[in-house]
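Next up: just one chain, as structure tokens, the form predicted alone.
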């Protein structure tokens, strides 16, 4: 117990016990123990203590008891001793049943004793109440004294109880007393003013007292309804607040996300413009984070991102905003810049955040970051321009390896080309610059062509842009959703066209990790297939293992929706994403695709061969179909067949081709020729074709 609260409790308890003993010793003869009125009032005091009314408020519950009204009625009719004879046992009984600590017993009894003694003393001094001859009769002048007596009874209770609450919470006493004064006056104060009416009703007939139970019951019922309604309102408010928070914050680090960061930059620009100040936007990403994530696993990658976010928050000013824009990309808003040194100090702090190694479980890693700065108003007058120019500076810092760079419009041709590429990507769908090439998938057991994988190609200004370049740009800029929808619509139309000409093939499409976080995706896919007449069982969706691991709970829910539509689901690049096997068996997937990095060199690398064989056995044990991609030689094909792989694809079997050329290839396809021609092989032209992603 805190020292101030202990002193108050001891003082009130000792004072109360002293006054209680004095009152009973000097006024005991005034109590008419044979009076039915005394026992009815005493019973009402006990019931009132044991059944307080709960009045809900936004952040707390206020307890209101009617025992004070009947206790004050006892003071008016039987004096202080009569009131205490009923009130103290009722208070102790309530504290005992509520399992309150012993010091609360003495404190509450002391408060009641002090309040009743002060009110009773005032009544007796100024009006000699209660009068022995006629205790239930009041003169007109008595009412003013009774009013002040009730006010004193209320004030002592309110003041002592409020002080105890303030000491218990380490809150200011005056603030605590003032916070509930209005409500206490309305409830306890009004109840005390009813005491003379209670006495008058008892004098008229004790049978009138039970009628007071009706408004009491109404008060109890109203309080319960209010409590229930407030609980519902609070639940809805909490849910709404949580939804708003989730919509504006990164779920991993709880930092502001891209949307909230844009808003804050915009608000900061408005403020800076009005006050003729500057501001700066810093963009950064972690160098070689993908290598760390792939080598150490998704769990350690997440731990690193959390630790980075914690360090960044500790080195910036309170007025600055640290945000996670996605992946390993962070941003910092430095508003209200009065002097250039303000930016320098913050940036130096950001750089220092990466000086100490990061400890991940038993690993110690030295991680560095590349940062780019854009300053308002020199480098842009709106949030989009500032963030884009900070992005330019960040890529310049990657090349210079200087830690950070400030935006310069004439610097770094590669970055300017990248920005031009982003602008071209925004218009590519409308300009018809995208195309799909189809690579065959063959059943190893029968040699039958069973499907194709649709691979996205982009010809921009007459030049082929590798998927390894434009797919990350599409993900980074948020265009991946629009591009994926175009791919699905094109595939659906192509499937319907082939179906009419008698070509029944499944078509596989790659999904980005960002697609899995789009709640509209299942609906959009269903609409695209329905409008173009594609059967759901003809569509296969491939999701990378690392994409699922990025947010497994959300991915599992999204995959369940897609699977329920009848779509085949495949885990692409399996073996590189450090999946949890316990989660893998719960996923509604139909197929595993072995990453081509294992398949391509498995003839020469026995370790890769062992990994491939293990993945095939794992897939079959989970009742999953297994696909080997990256088949570039007859030796790889034969080894996959010996291991029991179900389906294969790769340059040895067929190149990705446009739809018309693919049909021509299909007419001349011969499985026997592939198996018998042992001299046939294919050296892949990766520099032209790029990775097989969509």
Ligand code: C2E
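Positions refer to the first chain, counted from 1. Quick caveat, the model's predicted, so the values are computed rather than measured.
The discussion below concerns the form predicted in complex with this ligand, not included here.
**Q** Does the 4.5 Å heavy atom contact test between residue 512 and this ligand in the model of the complex come out positive?
**A** Flag for residue 512 set to yes.
**Q** Residue 471 near this ligand in the model of the complex, any heavy atom under 4.5 Å?
**A** Yes.
**Q** Evaluate residue 487 for contact with this ligand in the model of the complex, applying a 4.5 angstroms cut-off between non-hydrogen atoms, and reply yes or no.
**A** Residue-level check for residue 487: yes, a contact with this ligand.
**Q** May I ask you to state whether residue 646 is within 4.5 Å of this ligand in the model of the complex, using heavy atom distances?
**A** Close contact is absent here: in the model of the complex, residue 646 is far from this ligand, nothing within 4.5 Å, heavy atoms only.
**Q** So which of 596, 383, 176, 563 gets a non-hydrogen atom within 4.5 Å of this ligand in the model of the complex?
**A** Exactly one residue meets the criterion: 596.
**Q** Among 453, 391, 320, 405, which has any heavy atom within 4.5 Å of this ligand in the model of the complex?
**A** Of 453, 391, 320, 405, the residue with a heavy atom within 4.5 Å of this ligand in the model of the complex is 453.
**Q** So which stretch, 248-256, 567-575, 164-172, 68-76, is the one near this ligand in the model of the complex (non-hydrogen atoms, 4.5 Å)?
**A** After filtering at 4.5 Å, what remains is 567-575.
**Q** Please state whether all three residues 293, 328 and 552 have a non-hydrogen atom within 4.5 angstroms of this ligand in the model of the complex.
**A** Not one of the three qualifies.
**Q** Using a 4.5 Å cut-off on heavy atoms, what residues in 428-447 are near this ligand in the model of the complex?
**A** Counting only heavy atoms within 4.5 Å of this ligand in the model of the complex, the single contacting residue of 428-447 is 439.
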